[in-house]
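Just the one chain here, laid out as structure tokens, in the form predicted on its own.
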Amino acid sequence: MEFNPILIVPELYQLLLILALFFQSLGAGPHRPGGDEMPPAERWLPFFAGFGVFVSIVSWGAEGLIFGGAYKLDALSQFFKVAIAAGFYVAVLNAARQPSLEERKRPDYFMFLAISAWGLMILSSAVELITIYIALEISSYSLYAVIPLRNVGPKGDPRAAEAGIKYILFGAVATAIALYGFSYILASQHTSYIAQLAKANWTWSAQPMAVVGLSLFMGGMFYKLALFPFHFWCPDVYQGASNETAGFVATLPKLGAVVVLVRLAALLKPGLEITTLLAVLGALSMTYGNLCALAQKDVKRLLGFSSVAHAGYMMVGLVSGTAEGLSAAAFYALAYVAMNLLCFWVVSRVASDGRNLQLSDLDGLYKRSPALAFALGVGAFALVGLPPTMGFMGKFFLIASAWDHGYNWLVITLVLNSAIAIYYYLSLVRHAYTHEAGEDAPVPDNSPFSVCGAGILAAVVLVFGMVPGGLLDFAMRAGKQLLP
């Protein structure tokens, strides 16, 4: 079909934000003449990022296949673009008062976050493997630059540099594995378009090279999702990066990984070797992540292992082989982003000096900041999967979609792991409500900005948990387009 710019309005709008931040970063610095003429990025960007959410919502109905069939506008892509735009908006708000970032680096910091979100939007519509790979790299390279940007104390924080190096090294390995897998797929199936790959045979007996290639290519997505055994970077990067940066890394890149895995999972059926591999990795990931989280005292490290477990939960929907399963995975990915943005918002507001929070730093939070303590409780209950939150509905949809489709053992594993997770998630609430604060407890940010942000995010998690119909219907429409 003919190229129509109206189809890619969200991507074009995000690109305009990147250009504006780029030109502001060129002039940033103490020696620029008239350096205070343009308002700081953290003052104007939240308004324009918020308008970007509106732009994405208006583009919900866009459909088409452009750029030689490599770029598809459908219900799935538009669902995730709205989620990415909303996540970027919250991440910008969260980072607007980042205490551990130098003033002169702020335009560059926000520019790299915007580039990463732009790459994820492209990833949502990419339906050709090399296009997926390029979009994945666009979203990743910018994060390599922002993770080390943390200035805590007179000499900085060496953990931030360590986190940046680990993210780069593990990212390079994942990239190499994905490219190697792509070469196998191209050699065996002679195409890189998902629509044509859907017609191919993916059994080990007929196409062993293709099976190996697709498994390796998915490894690049597993890295972004922090699925076992591609998870080793996750807790260290969360711990080393600033609280606001960790909040971005923990949420939006997961959306990009899930949308690609949903498209690739549409190629597979229950019982295939690759499908079984996904199920096994999902079970290992949720079990390993939850068991490791039990021993953590650093809140961000705890949330890091939590994300490893949640990556395993998402596999339950992907292996079901049904439109309902793919829809449930998409819905759960959105719920995961909302729950984690809420938790990281509270972490960033409680650690108003930029420190890493220990569980003991949450002691007595209900007295020091009742609103943040309540929001933390909502986030913890949602991550456990207790009603009436999005986490409960997301897990319910995953279980309902996968039961009796050949992987009942995986569903049972999910339920058992959810029971294990209750201990460490509710430890957050226990420290906030049943312990008394120590003398060195951090002073939380109780400004209207902090309280309103926490309240709105908590309301989103609760409202869409009680009334999930609209979001689920849109996700179901996306799943049925992939698997009629």
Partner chain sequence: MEFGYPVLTSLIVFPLLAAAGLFLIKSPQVARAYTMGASILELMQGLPLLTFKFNADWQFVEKAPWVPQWGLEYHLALDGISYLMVMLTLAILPLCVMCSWTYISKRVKEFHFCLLFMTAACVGVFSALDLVLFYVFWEAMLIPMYLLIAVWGGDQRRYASLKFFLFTLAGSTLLLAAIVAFRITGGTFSVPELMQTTFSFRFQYWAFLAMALAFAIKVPMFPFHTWLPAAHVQAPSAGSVILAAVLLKMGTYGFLRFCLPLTPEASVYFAPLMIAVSIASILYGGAIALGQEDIKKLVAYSSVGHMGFVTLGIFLFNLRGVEGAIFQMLNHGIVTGALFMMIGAVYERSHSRAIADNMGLGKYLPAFMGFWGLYALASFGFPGTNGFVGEMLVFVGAFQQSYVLGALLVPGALLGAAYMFRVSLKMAWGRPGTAKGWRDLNSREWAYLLIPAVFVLYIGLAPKLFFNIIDPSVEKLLADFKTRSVAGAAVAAKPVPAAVAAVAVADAPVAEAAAPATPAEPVNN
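What you are looking at is a predicted structure, and each value in this text was computed from that prediction instead of being measured. Positions refer to the first chain, counted from 1.
Separately, the form predicted in complex with its partner chain exists; it is not shown, and the next lines address it.
With the partner removed from view, which of 52-60, 448-456, 421-429, 66-74 is the stretch that lies within 4.5 Å of its partner chain in the predicted bound form, judged by heavy atom distances? Result for this chain: 421-429.
Does the 4.5 Å heavy atom contact test between P229 and its partner chain in the predicted bound form come out positive? Result no; P229 lies far from its partner chain in the predicted bound form.
Applying a 4.5 Å heavy atom distance criterion, does V415 contact its partner chain in the predicted bound form? Looking in the predicted bound form, residue contacts with its partner chain include V415, since a heavy atom lies within 4.5 Å.
How about V82: is it within 4.5 Å of its partner chain in the predicted bound form, going by heavy atoms? Close contact is absent here: in the predicted bound form, V82 is far from its partner chain, nothing within 4.5 Å, heavy atoms only.
Might L386 be said to contact its partner chain in the predicted bound form, defining contact as any heavy atom within 4.5 Å? Answer yes; at least one heavy atom of L386 falls within 4.5 Å of its partner chain in the predicted bound form.
Would its partner chain be touched by all three of F381, F392 and F397 in the predicted bound form, meaning a heavy atom each within 4.5 Å? Yes: each residue has a heavy atom within 4.5 Å of the partner.
Heavy atom within 4.5 Å of its partner chain in the predicted bound form: which of V460, M476, V9, A20 fits that? Just give me the one. Result of the distance check: M476.
Under a 4.5 angstroms heavy atom criterion, identify the one residue in W403, Y180, W204, W409 near its partner chain in the predicted bound form. Residue within 4.5 Å of the partner: W403.
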